[in-house]
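First, one chain by itself in structure tokens, the form predicted on its own.
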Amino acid sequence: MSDGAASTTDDLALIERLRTGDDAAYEEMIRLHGGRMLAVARRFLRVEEDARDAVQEAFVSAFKSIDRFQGQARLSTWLHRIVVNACLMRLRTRRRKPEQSIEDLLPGYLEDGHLERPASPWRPETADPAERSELRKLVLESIQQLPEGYRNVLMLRDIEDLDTEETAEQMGISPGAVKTRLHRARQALRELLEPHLREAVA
């Protein structure tokens, strides 16, 4: 039996136990998926307590709605969506502050339409695990500098791997707005990373 088939079988068995109200099954679901779901929540919520609360809310919500889970996706995928939704709900309901403009993070253009600073080639990817870890940290820190509305779209599309329609549904905006925000968020992220990743000039 392949790993994927075994996981699916394990999922089905766990789901059946959850549907009977088995407390041990609930604990097993948290043990199996809690760490990964917390990692997802931390990408959206900067405060550790908020991230943990969002995961807890998501698991409670999943447990209550387990009868509606139709098994068309992996249990982990279903939980992932619930956690992302819980995070976005928290972001929507907390006291709103005026959103920072993204304009200051976008590349500047000259009157003739050319970039003020042409894009430089970036250093080639490294195979060194420590350097890759540092790069991943840098990217995530840079993403956190984006205005919330743009950061969340980029997170959902490029990190959480949702498609445009799914992202639009999660964000409560149109697919067109998702595409526009994603394009600008990627531009701004490149500007933030450029000083760190540009290739050294000999």
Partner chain sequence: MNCREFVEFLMEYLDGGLNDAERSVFEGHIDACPQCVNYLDSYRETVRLGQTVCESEDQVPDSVPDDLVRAILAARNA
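Only a predicted model underlies this, so the values are computations on that prediction, with no experimental measurement involved. Residue numbers count along the first chain shown, from 1.
What comes next is about the form predicted together with the partner chain, which is not displayed.
**Request:** Could you confirm whether Leu14 comes within 4.5 Å of the partner chain in the predicted complex, counting heavy atoms only?
**Result:** Flag for Leu14 set to no.
**Prompt:** Arg94: heavy atom within 4.5 Å of the partner chain in the predicted complex?
**Reply:** Because no heavy atom of Arg94 falls inside 4.5 Å of the partner chain in the predicted complex, the answer is no.
**Residue contact check: Leu156 to the partner chain in the predicted complex, 4.5 Å heavy atom** = Contact check for Leu156: no, nothing within 4.5 Å of the partner chain in the predicted complex.
**Request:** Using a 4.5 Å heavy atom cut-off, state whether Arg19 contacts the partner chain in the predicted complex.
**Result:** The answer is no: Arg19 has no heavy atom within 4.5 Å of the partner chain.
**Request:** Any residue of 133-150 with a heavy atom within 4.5 Å of the partner chain in the predicted complex counts; write them all down in order.
**Result:** Sequence-ordered list: Leu135, Arg136, Val139, Leu140.
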